[in-house]
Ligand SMILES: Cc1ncc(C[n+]2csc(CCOP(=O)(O)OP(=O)(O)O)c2C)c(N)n1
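The chain below stands alone, shown as structure tokens; this is the form predicted alone.
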């Protein structure tokens, strides 16, 4: 995709919406910006239709601010809360059938590599726990087995949030939800460990309560998926509506769970990915010194 697509054609400057003009003039396209730069540029999303206090919405905002190549990124989503938001995102995105996101992303990535062999085209999957660990698990794992060069990000809100509150594979054992009144009887699926064993070169768990670290994790995952192998990021963002938390307390609830050891920040980097990332840091440092 050419960055010229985001430029306004001559003669139309006066009639384009102010929001669009601001995005063209002050957006992050082609700039090396990240989470620490938030507030200094026009964001790729600034409003959303999700519930008040939704940590998933904050996570998506941070993900979008962390993209190393937003003008040449395609996000593949699936049915879930996040799918309500993507029509308002200023990044090319595709909505797939529930659970099909990694299969769609695989075909897209392969097609882009054939069509643009000399350009970097990042393909990113962003989906909820239902699409990733329940209904879509087969296609997610098959993409990892085949070492597809895509990044998978799961928004782990621990419930089927927008369909009434059924338990998901990521709901914690004992969780009582709107449509699981007796409490979940089985433990939460350990998908990070499964991802590592299935062949992901980079695996991390993080939460939006750690914004800069989340930004670093997302960038590293995308960079590894360009050259080394598939990557997986699990973002812990429990649903305040279904867990009946006051919207203003969601981030504190996440921090409390981290202190209690219920949620742990983890990162696995394969030796090959570690060497690759170290090489990129050396190049970046050299460029900054020139």
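The structure displayed is predicted, hence computed values, not measured ones. Positions refer to the first chain, counted from 1.
Beyond what is shown, the protein has a form predicted in complex with the ligand; the following relates to that form.
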query	finding
Open or blocked: the ligand superposed from its pose in the predicted complex, cut-off 2.4 Å to backbone or C-beta	open
Contact residue in the predicted complex, from 194, 176, 94, 97 (heavy atom within 4.5 Å of the ligand)	97
Heavy atom within 4.5 Å of the ligand in the predicted complex - the one residue of 82, 151, 102, 207 that qualifies	82
Heavy atom of residue 160 within 4.5 Å of the ligand in the predicted complex	yes
4.5 Å heavy atom contact, residue 130 to the ligand in the predicted complex	yes
Which of 195-203, 121-129, 139-147, 108-116 sits within 4.5 Å of the ligand in the predicted complex, heavy atom basis	121-129
Residues of 45-70 having any heavy atom within 4.5 Å of the ligand in the predicted complex, listed in sequence order	56
